[in-house]
Structures are given as C-alpha cells and as structure tokens.
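A lone chain, given as structure tokens: the form predicted alone.
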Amino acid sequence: MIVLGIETSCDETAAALVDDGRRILADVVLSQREAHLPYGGIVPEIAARAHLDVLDALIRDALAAAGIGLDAVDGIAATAGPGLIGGLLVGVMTGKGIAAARGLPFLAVNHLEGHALTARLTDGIAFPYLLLLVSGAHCQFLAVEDVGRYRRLGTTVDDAAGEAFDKVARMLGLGYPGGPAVERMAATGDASRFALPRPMLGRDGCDFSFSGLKTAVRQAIEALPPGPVAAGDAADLAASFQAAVTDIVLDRAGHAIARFRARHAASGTLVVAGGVAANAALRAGLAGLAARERMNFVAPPLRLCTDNAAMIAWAGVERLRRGLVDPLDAPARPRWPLDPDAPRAPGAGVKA
C-alpha cells in the first residue's frame, strides 16, 4: 500500500510517498522562509499563494523521486486542518482532485495526528504511548491510544512554546524562524544570569503557561542599556529563556507521566513531536526524565519534527488500512482538536 501525502497547513509546501512497510519512498519539502522573512512572521495570504504556485510541481517531483506514477498509488492524504485556511484549501482541493480523477480513496488528515503517529513510522512503537506535542501553535500532552483515539492530559492556557521562542527571538533581534535562532544564540550564553520565572512549576496538572515568561524577557530587555541588545546580553537571555522553557516542560511532563500511568500502567514510552522537539536542550531533558522514570524515549529525526508530508502520508496509511476513508466533501478546518471532548483552552493558537 502506497499513500501520497500533501502538507500545506502553514509555511512549508510538502509532498511525500510512504508505504505500509514504513518506508519513506519520497519526501519533498519547500520552505517559504525567504518569502516571510521581511515580515518577521508568517503572512497567511503569501503562504497560500506560494502553496498554489508550487504544489503541483512538488507532487511531480515526489513521484519522480520515488520512481513511480500515480497508477502505483493507493490513496491520497492531505492535511485538512488545523492550520491557515488558505493553505489548507490548496492542499485539500489538490488532493481531492487527484483522488477524484484517479478513483482513489481520499484521506482528510489532522495535522496533529500526523505528528502524533510519526513515532510509529520511524520506530514502529505500539499503542498506547504518551506524547508531548510541542510546536509553534501547540503545546499539549496526549495519551495516544489508537488511530483516532487521543486523550488530552494537558495543554497551554495561553501561548505555545514555539510561539514564545518566536516572540523572544524577535525581541532579541535574532530574526525568523525564532526557535533555531534562540537555540543557536543560547549555546554561547549563561543560563543563570537572568532569573526568569517558571510559570505553573510545581502546580497540579499538566497545563502550560508561557505568557508570563515572555513578559519577563521583555522586562529584562527594557532594563538593559537603550538600543539594540548586545550580543553577550542576547546570548545570556536566550540561554536563560531556553532553560526556563525546559524546566517548565520537564515539570509538566512529570505530572503527565503520572496521569498516563494511572490508566496505562504497563505502557512505558514517552514521545516528543512537533517543531520545538528539534530543540537539543529540550530533547536531552526529556530523555533524562524518561530514563529516570524507566520509560522508553522516542524523538523522531529532526526533519520529521517540523512540518512535512511523510507524516501525513503515514497517517493516511494508518487510516486507510482501517478503512477510515473520507468523502470528497470533507471540509478544511482551521481548528480541529485531536481530543474533541477536551475543554478548549483559552488563548489557543491558530492551529488549536
């Protein structure tokens, strides 16, 4: 079984082909970084037009890289949400058009489910497992119990961790995208210089809060000499901020592990996914926590942490072999929670 995956939820256009033997036959990603760089963030209309300009060619490139034609494809999976609605419509309508023309099953994939199932593609792990999904628009713990069965244990009450990284990078003049820029700057900084807060630390539950931490970074910058932030100050602030985020996440993870084990006592795998999962300090901290808790730790390869179509194609494989096919009138959804029964958190981002 081979599935073509299409990803256009944000600012990467991607196409991939994956089979049910967990082989990635092709994985093509085109970044829009240069288009959005002058604006310091993602401009939705620019993103949608860029997807429209390149998606057809990218699908042809993926098929060529895999050495197959559409006649070898068994299903078409496209990200149908959550995300920026203009970009989602480009991918969904392209996927539906191919499915209709070829008489193939169409699979409307939740972008978050793509992240949630990536560890099954890369490591073949069994259900259930505990997932930390941490990205530019999401920060939540999920018990992944099966395809289509996700129980949210905690989420952010205000900002996502990735959004906080982007805002801090902007305040420090480090550019866009913010996560990698802050991590690079933090590598030469003193993480103990600035006493930044750790919101929610020690409280019951698994929820996150990063708004106050962002405010504290802004106040620390305002206390520095006027003008652009000096390189040494920026490095120390980046390191202090990254350390605070890591401490918050590890504290919340400890609570999530306890809640997960209360229901799944025999299960022992902690997975981290999403763009912020590429942060080396966070990965190291989570790996150490998992070892102390005697859990397996899985973090997908860096290229599969950020937005990509291989995870969408794999989610399509998982759904197709269970017969979870969608009609051609399946909608694109700017909001699409994995756990629809969980209460909606205040301040949820565009992909919540």
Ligand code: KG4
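Numbering starts at 1 and runs along the sequence shown. Bear in mind that the values here come from a model prediction, so they are computed numbers and not experimental data.
What follows is about the form predicted together with this ligand, which we do not show.
In the predicted complex, no heavy atom of Arg252 sits within 4.5 Å of this ligand. Heavy atoms of Glu183 reach within 4.5 Å of this ligand in the predicted complex, making it an interface residue.
Contact check for Cys305: a heavy atom falls within 4.5 Å of this ligand in the predicted complex.
Within this chain, Gly87 is remote from the site of this ligand in the predicted complex, having no heavy atom within 4.5 Å. Site residues Phe141, Gly154 and Val272 are none of them in contact with this ligand in the predicted complex, judged by any heavy atom within 4.5 Å. In plain terms, the part of the chain that comes close to this ligand in the predicted complex, with a heavy atom within 4.5 Å, is 161-169 out of 223-231, 161-169, 210-218, 194-202. Taking Leu104, Ala278, Val147, Ile257 one by one, only a single residue has any non-hydrogen atom within 4.5 Å of this ligand in the predicted complex, and it is Ala278.
This chain is drawn without this ligand; in the predicted complex, the residue among Ala235, Ala137, Ala116, Leu174 with a heavy atom within 4.5 Å of it is Ala137.
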